[in-house]
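One chain follows as structure tokens, the form predicted alone.
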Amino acid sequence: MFVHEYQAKNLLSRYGFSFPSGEVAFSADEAEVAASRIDADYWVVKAQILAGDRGQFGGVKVARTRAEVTTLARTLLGSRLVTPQTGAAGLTVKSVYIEQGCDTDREMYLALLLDRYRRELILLAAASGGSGIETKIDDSAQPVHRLAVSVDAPPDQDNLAELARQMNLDEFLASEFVEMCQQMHQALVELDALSIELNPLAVVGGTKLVGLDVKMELDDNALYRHEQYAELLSLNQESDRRLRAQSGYNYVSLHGDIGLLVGGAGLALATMDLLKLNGLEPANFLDLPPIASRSNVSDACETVVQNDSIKALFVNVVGGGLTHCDTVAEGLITAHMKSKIKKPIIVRFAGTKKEHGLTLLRNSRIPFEMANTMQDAVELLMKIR
């Protein structure tokens, strides 16, 4: 579960991290009030979406006056921001972060993340950071320093001091860098985070390390241990969808525009492959397990159609196990009764209770089109798109 920049900064500030003063705003009026409370020579207005590279694609603006803060906030809010990490459809900006402008002497990169393959934490540091860090890291001229770290114990100070030396930090900044790495380790473990990324980590005034931007991913499997995350989820539509998905089905958001409701992980992957081969883009991966109930199907359907970017819903189910086609049909009907599904619906049923399921859908008068094969469904989707 990724969280917005302002949410990550609120969490990490409790561990001693230094960030510029800032406030989140959900309207232009709130942005104006936020700017009036932040003492600054200038302000930075940042679109809050769950994707990086915002600055390069118009999502981060500098305001020299409070009136300009209001104007920029009004322009960004409600717009769709497209970056290489959002996909072609982009993401809607629902909030902006108003932050104190900060002049920097130098910008670096620092991250701590879980290496799933090695089953250990990895501390990554680069002497140059900021926009386009992925390109910089790929460039052999930009070395990235790696340090393996135990989950159970703080990083060794001598190793961190050597890392600071490799980053060309003077004695004072090196001491602050070592402390920040230890704070990052403590925060990642206690917050059940999978990654914390400070980019850029800036040197300000020659004597202070300040995180100008943060990306942070929390472990979905540990949410039950953190009641404080409830507010984060309520302000984060994508994370809310993923949280709901823990109760009976697997959901992963993607950047396409075809919503998928599929029975079984294998069929879901095959469906996604077929869409891609025909130039269509799935908006999500969704795997209904073989014991899914009508309620599970209804919740899953609502989760998919909550995504404003989808242009159609493709229901692809082979009845079997304990979940037959009629159960999926009943779940689809229940979801439609709760909140009318306004997107075109393509249904491909096969296997147990196929005809009964289709009869239920016809009798409910849900507007849908039936596909006999997956290729038939793709052709219908291509016409809709």
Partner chain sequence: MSILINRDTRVMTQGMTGKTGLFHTRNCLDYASGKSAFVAGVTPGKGGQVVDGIPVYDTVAEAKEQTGATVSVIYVPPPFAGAAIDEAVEAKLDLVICITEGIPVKDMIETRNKMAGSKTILVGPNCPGVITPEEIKIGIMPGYIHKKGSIGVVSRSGTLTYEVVEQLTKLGLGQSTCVGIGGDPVNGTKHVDVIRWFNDDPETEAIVMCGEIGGTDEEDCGRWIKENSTKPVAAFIAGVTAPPGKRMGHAGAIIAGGKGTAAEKISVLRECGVQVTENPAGIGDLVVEMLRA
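Just so it is clear, the structure is predicted and the values come from calculations on it, not from any experiment. Here the rigid core means the biggest group of C-alpha atoms that line up within 1.5 Å when the two forms are laid on top of each other. Residue numbers count along the first chain shown, from 1.
Not on display, but discussed next: the form predicted in complex with its partner chain.
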* Which listed residue (R80, R116, R165, K208) meets the criterion of a heavy atom within 4.5 Å of its partner chain in the model of the complex? -> R116
* Structure fact -> Note: exactly one of A312, M272, A126, V203 sits with a heavy atom within 4.5 Å of its partner chain in the model of the complex, namely M272
* Is there a heavy atom of T352 lying 4.5 Å or less from a heavy atom of its partner chain in the model of the complex? -> yes
* Close approach of V151 to its partner chain in the model of the complex, 4.5 Å, heavy atom -> yes
* To do: Tell me, yes or no, whether L322 is in contact with its partner chain in the model of the complex, where a contact means a heavy atom of each within 4.5 Å.
  => yes
* Asked: Just to confirm, V33 within 4.5 Å of its partner chain in the model of the complex by heavy atoms?
  -> no
* Is its partner chain close enough to Q306, P367 and L380 in the model of the complex that each of the three has a heavy atom within 4.5 Å of it? -> no
* To do: Within 4.5 Å of its partner chain in the model of the complex, counting heavy atoms only, one of 67 to 75, 92 to 100, 280 to 288, 166 to 174 shows up; tell me which.
  => 280 to 288
* Asked: Taking its partner chain in the model of the complex, which residues along 364 to 383 bring a heavy atom to within 4.5 Å of it?
  -> N372, T373, M374, Q375
* Tell me, please, whether between the shown form and the other one the C-alpha of S13 is shifted by 2 Å or more, with the rigid core used for superposition. => no
* Asked: Does V189 move its CA by 2 angstroms or more between the shown form and the other one when the core is aligned?
  -> no
* H255 C-alpha moves between the shown form and the other one by 2 Å or more, core aligned -> yes
* Specify closer or farther for G266 and N221: how their Cα atoms are spaced in the model of the complex versus the shown form, given a shift of 3 angstroms or more. => closer
* Structure fact -> With a difference of at least 3 Å, the CA distance of Q56 and P282 in the model of the complex shows the atoms farther
